[in-house]
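First comes one chain, alone, set out as structure tokens in the form predicted alone.
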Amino acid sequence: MPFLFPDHPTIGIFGFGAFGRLTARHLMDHFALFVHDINADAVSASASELNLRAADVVTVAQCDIVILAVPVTAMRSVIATISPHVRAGAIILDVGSVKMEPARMMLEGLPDHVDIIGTHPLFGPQSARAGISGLKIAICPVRGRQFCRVGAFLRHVLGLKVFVVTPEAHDREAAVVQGVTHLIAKVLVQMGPLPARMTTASFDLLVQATEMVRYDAPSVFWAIENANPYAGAVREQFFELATGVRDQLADNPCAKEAF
């Protein structure tokens, strides 16, 4: 019986990509899972392994907790589809990399009788390969008070480090934390194959960080860099400072000091 959810609630997951599957894997021991994806074969192939059921839109939308694990670009359409079917008192949450735009779409598109929570697991399939205990997740309360119960479950049952923040505060920090990381990773991947023999510890860590994000879906990179309203300014600052470093090297101040 799942801790802090004594009424045996059901969870419906819309979207069964890499993060939808990761979500199901860590919730299957605690809840009855129902999943819907445009690729029905992908859900059916994992149904027995992950203890879940492929279901139609209405069945998934009527679960006690509904998780939107779809790209930001698809979220408005999914919200419009499920809105007539969500039950009173349900919890609707997303798991995307940006929070302000999804929060706005959920507030505008979902009925007043549901709680809305923005969440961002600060990890992915690569960084969660050894388990998720001790990893971080951001929770952004949007409507209602059930985020307290969700946060307690994530903290006490799944062992995650929970940060409760506003969508604005999340996006402001994520613009640096994720935006810069993905920019560097995009460049390093294109510079490959990278050296793997005579490397330093710092280089190994850089490659490790790159590997954690290099296989993310293109929609993830797009959302991080375009759906976050703070990302553009951070990106321009990064490029401006990089250009400044290049100019310093071209000027070669060390050569002037030698004379």
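Throughout, we count residues from 1 along the sequence that is shown. Values in this document were obtained by computation on a predicted structure and should not be read as measured data.
Omitted here: the form predicted in complex with another copy of the chain. The next part is about that form.
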Ok, Leu160, Val86, Val72, Val95: which has a heavy atom sitting within 4.5 Å of another copy of the chain in the model of the complex?
Val72
If the cut-off is 4.5 angstroms on heavy atoms, which of these, Met28, Ala40, Leu194, Val58, is the one near another copy of the chain in the model of the complex?
Leu194
Looking at another copy of the chain in the model of the complex, is some heavy atom of each of Arg76, Leu122 and Val165 within 4.5 Å of it?
yes
Of the listed stretches (58 to 66, 41 to 49, 28 to 36, 186 to 194), which one has a non-hydrogen atom within 4.5 Å of another copy of the chain in the model of the complex?
186 to 194
Against another copy of the chain in the model of the complex, would Thr81 count as a contact residue? Criterion: heavy atoms within 4.5 Å.
no
Are any of the heavy atoms in Arg21 no more than 4.5 Å from a heavy atom of another copy of the chain in the model of the complex?
no
Although another copy of the chain is absent from this view, report whether Val180 comes within 4.5 Å of it in the model of the complex, heavy atoms only.
yes
Heavy atom to heavy atom, is Glu101 within 4.5 Å of another copy of the chain in the model of the complex?
yes
Using a 4.5 Å cut-off on heavy atoms, what residues in 232 to 247 are near another copy of the chain in the model of the complex?
Val234, Arg235, Glu236, Gln237, Phe238, Phe239, Leu241, Ala242, Thr243, Val245, Arg246
